[in-house]
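Here we start with a single chain on its own, the form predicted alone, put down as C-alpha cells.
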Amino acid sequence: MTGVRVIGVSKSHGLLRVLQDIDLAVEPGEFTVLLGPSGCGKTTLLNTIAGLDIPDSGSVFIGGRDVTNVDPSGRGIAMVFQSYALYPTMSVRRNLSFGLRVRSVQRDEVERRVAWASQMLQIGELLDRKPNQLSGGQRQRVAIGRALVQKAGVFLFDEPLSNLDAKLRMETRVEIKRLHQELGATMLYVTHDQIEAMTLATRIAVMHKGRVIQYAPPDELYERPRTMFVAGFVGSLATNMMTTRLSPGDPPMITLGTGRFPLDRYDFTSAPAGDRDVVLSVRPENVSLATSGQAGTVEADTLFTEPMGADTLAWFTLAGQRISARLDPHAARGLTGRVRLAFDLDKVSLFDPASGDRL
C-alpha cells in the first residue's frame, strides 16, 4: 500500500491564495476526506496531489517518492471526477478498458481486470450497454470501475456523488465504503457533505480559507473540535453556540441564564484565569428536558418543534439566545411554554470568542 505526504504546499491564482502552507500525511491504506465549504481549496489540494496543479511552493510525496514535478501518469494514482466523463459512444466494457488499452496492457490482463472490477461493483450485466442507457448511480459505478482497473496505489475522488439524488448518494456511499474495506487501498476523497465525510473517513482534514484547520478521526472532530469553525461545520445538526460566563475555581463554573454549571471534568488547554465571556458549544443530542428535582438545570422558553421521524428537534430561547435539543418524539409532543433544560457537561466545548480557539 502507498501513503501520501504533502509538505508546505502553497498555491495562488493571482492575488488569491488558494492553499497556504498545507502539511498533510495520509498513511498507507487510510481513507482521508478533505472536508470544507466551497472555495476552501480542497479540490485544488487534490489536484495538486494528482499533478493536475503544480504548487507554487512545497512538495508532494507518494509512496515515499517526490512527485512534485512528475506527470500525473507517472504518479501511480487513479482519479474519479465529479462528472462521470464516460465516453458516450463506447460500451461500459470499452469505457472500463480504454485506459488499459491505451497503455498497451495485454488483452487477457485487460479482460481479467474488467471482469474483476465489474464483479466488485456489481455491474457485470451492464458491460454491453452505452452510458445513455444507464442510471446516474450506474454511471458513477462505471466511473469508479474505470479507476479501479488501473490497480493504482492511491485513489482520488473529487466529489463523486454530488450529481446523484439523496437515495443514490447513500447507496453509492455504502459501495465506496465496502470497496475501501475490501481493497485496503489508500483513498483521498473531496466533499462538502459532512455525512459523507463522517461515514467514510478514517481521518478528516477540515479545510477553511486554504488551510487545514484540524486533521483527526471523525469522533475526535465531533467531540473535541479545535476551533469554533470546526464545531460549527461538523455535524448533521448544527451545534448550539451560546455566549456564557466562565469563572475560575475548583471546579470552574459557567453561568448561563438562571443556571450555574460546574466543569469538574472539562479538559482545559490551560487553567482559566479570571471571569471572562466564552462561547459554549453543545450539540442538540446533549441537551435534554430536565427531570423533576434534577440539579444543574436552566429555564428556557419553547419556540417550536420539528418532527424528524425517529427524533424531534425542539427549539428554545435561553438567556436571549436560541438553542435546539434533539428529543424523543414522545417527550417533545405538545411541548410548549417554559421548561427546564439539562446539559451533558462531559460533551460541551468552550472557545475563546476572539480567536475562535478551543479553551
Partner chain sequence: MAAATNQARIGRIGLYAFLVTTCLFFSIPLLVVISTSFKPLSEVRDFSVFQLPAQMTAAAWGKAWQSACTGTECAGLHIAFWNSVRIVIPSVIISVLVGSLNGYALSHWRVRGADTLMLALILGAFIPYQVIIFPLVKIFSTVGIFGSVACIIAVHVLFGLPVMTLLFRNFYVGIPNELVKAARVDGAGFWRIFLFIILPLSVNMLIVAAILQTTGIWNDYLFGLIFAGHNNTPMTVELMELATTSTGVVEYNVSTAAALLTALPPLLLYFFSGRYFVRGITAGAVKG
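By rigid core we mean the largest C-alpha set that fits within 1.5 Å across both forms. Keep in mind it's a predicted model, so treat the numbers as computed, not measured. Numbering follows the first chain given and starts at 1.
As for the form predicted together with the partner chain, it is not shown, yet the points below apply to it.
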- Item | Stretch in contact in the predicted bound form with the partner chain, which is absent here, among 190 to 198, 265 to 273, 69 to 77, 217 to 225 (heavy atoms within 4.5 Å) | 69 to 77
- Query: Are Ser236, Leu303 and Arg326 jointly within 4.5 Å of the partner chain in the predicted bound form, each by at least one heavy atom?
  - Reply: no
- Which of Met241, Leu86, Met120, Leu246 has a heavy atom within 4.5 Å of the partner chain in the predicted bound form? Leu86
- Message: Using a 4.5 Å heavy atom cut-off, which residue among Gly124, Gly99, Gly257, Gly136 comes into contact with the partner chain in the predicted bound form?
- Response: Gly99
- Query: Even though the partner chain is not shown here, does Asn47 get within 4.5 Å of it in the predicted bound form, heavy atoms only?
  - Reply: yes
- Query: So, in the predicted bound form, is Val174 in contact with the partner chain at a 4.5 angstroms heavy atom limit?
  - Reply: no
- Non-hydrogen atom contact Leu52 with the partner chain in the predicted bound form at 4.5 angstroms: yes
- Query: For Arg107, is any heavy atom within 4.5 Å of the partner chain in the predicted bound form, or not?
  - Reply: no
- Task: Quick one: name the residues from 129 to 156 with any non-hydrogen atom within 4.5 angstroms of the partner chain in the predicted bound form.
- Result: Pro131, Arg139, Arg146, Gln150
- Item | After fitting the core, Leu134 CA displacement of 2 Å or more between this form and the one not shown | yes
